[in-house]
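In the block that follows, a single chain appears as structure tokens, in the form predicted on its own.
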Amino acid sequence: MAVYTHIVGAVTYRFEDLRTLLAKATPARSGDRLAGIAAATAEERVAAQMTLAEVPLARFLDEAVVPYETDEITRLIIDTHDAAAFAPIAHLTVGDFRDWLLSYEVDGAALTALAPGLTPEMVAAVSKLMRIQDMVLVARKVRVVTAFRDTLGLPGRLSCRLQPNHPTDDTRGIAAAVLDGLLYGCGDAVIGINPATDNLEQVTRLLLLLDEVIQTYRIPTQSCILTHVTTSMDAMRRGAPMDLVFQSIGGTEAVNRSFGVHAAMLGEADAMARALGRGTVGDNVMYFETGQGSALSANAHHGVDQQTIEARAYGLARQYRPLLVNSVVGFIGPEYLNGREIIRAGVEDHFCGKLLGLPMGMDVCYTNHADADQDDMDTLLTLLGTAGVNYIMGVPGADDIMLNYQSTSFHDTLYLRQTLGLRPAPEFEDWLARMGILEDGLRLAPANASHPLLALADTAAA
């Protein structure tokens, strides 16, 4: 295992291994300081970044930051690496790779072809050498298109997950939020509920509710109850109308074990959901959520910085061709990220996921006790829209009354679409036009008290 050194004046900085070098080169964040792995000074951080810039990309194939022998994600990353896809950049260092990514000649087609040849550690490493504008520019080149009942990720499009959570899973409250979101043109990514009561009976009841709404109004979207993957599999065995299978995942085998999941289980769930054949324009059926800091919370980070661990979660996710992936970037709390750090972390996560070939969305959010505010979220939201994010969250009033955190609202989706000239998914846009909700793809139609969707409230009350 190599030792990495850098001399600044009379001081020699020594980094014992690649894992240490990556941690010390990471832009400052609370979680790495809490873990005791962050650079002690700004000078040490710069020395680490300068050292990292000289590391050959091929080195990441020889030196694992989490041991191959004890971690199934490391084994997935190494065993599925595509050497032919990697060949065009195999001679580059991390610093050279940054310059290559920013060059005029490298376009979306080149980056799509490269994705199977990149490891999460490579993309995490290059992000540590990049400014926010660098990551926005590169991520904007990449479009990752997926489909189920509508097509997500196309150029010039921005989708929204309609998130109608309710603290008691009350059907009237959920229906009101669904109605509100649909009338704002939201819900094309998924109508997804975090259930307050996470058991098979409740999950099945909510699946039936959302399926009735989607089928009754012929909405070209998909539903998801964000329950544990094993509950989703049990629901499918009982014949529940399952569109997407959800699971939170992390970047090490140990953190996923704390979530009660492993790679084979995810593969089984993916196969079960595909076999149902419920998609109409595609068969991407998995929905993964991630977040910097989860491995540290589970004491499962192996001394690796939280941003690199996050990128490794994307290395796991891409094995299953998911419809949706998003980082819940500020949800885990101020121990891991403050407002300023959330902004950079969100751009990093989007950049890394896109380079690895994932359909990245973002929950632009923060917990109520974090040193962050809505201005921070507006900044990140606008950066991500410019960078070509696939979708964001739509929460009534931006305040999730079940999970007790601040996210983005239906209005935030309208803001990005209007400001950047983005439209909903094409099939969903057509439905919005037929329903008299949207005009010209961007403008909400005038309110209509006799709108057929208002019958949703009567359905829920019954």
Partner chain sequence: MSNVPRKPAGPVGIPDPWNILGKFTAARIGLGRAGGSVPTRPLLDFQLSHARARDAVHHTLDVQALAVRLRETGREVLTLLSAAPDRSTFIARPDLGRILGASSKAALEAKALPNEPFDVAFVVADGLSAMAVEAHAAAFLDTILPRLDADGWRIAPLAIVEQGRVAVADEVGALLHAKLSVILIGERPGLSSPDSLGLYLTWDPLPGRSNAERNCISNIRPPEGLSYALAAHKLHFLMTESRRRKLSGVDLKEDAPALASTGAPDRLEQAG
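Everything numeric here is computed off the predicted structure, so don't read it as measured data. Numbering follows the first chain given and starts at 1.
Only in words, not in the display: the form predicted in complex with the partner chain, which the text now covers.
The putative spot formed by 137, 151 and 310 is not touched by the partner chain in the model of the complex; no residue has a non-hydrogen atom within 4.5 angstroms of it. For the chain shown alone, residue 305 is not a contact residue for the partner chain in the model of the complex, no non-hydrogen atom being within 4.5 angstroms. Residue 228 belongs to the set of residues with a heavy atom inside 4.5 Å of the partner chain in the model of the complex. The partner chain is not shown here, but in the model of the complex it comes within 4.5 Å of a heavy atom of residue 34. Although the partner is absent here, residue 99 sits far enough away that none of its heavy atoms falls within 4.5 Å of the partner chain in the model of the complex. Partner contacts here mean any heavy atom within 4.5 Å of the partner chain in the model of the complex, and among 344-352, 76-84, 125-133, 193-201 they occur only in 193-201. The single contact residue among 146, 93, 248, 338, judged by any heavy atom lying within 4.5 Å of the partner chain in the model of the complex, is 248. Interface residue among 208, 281, 106, 176 relative to the partner chain in the model of the complex, by the heavy atom within 4.5 Å criterion: 176. Interface residues of 145-184, taken as those with a heavy atom within 4.5 Å of the partner chain in the model of the complex (partner not displayed): 161, 163, 166, 167, 168, 170, 172, 173, 176, 177, 179, 180, 183, 184, in sequence order.
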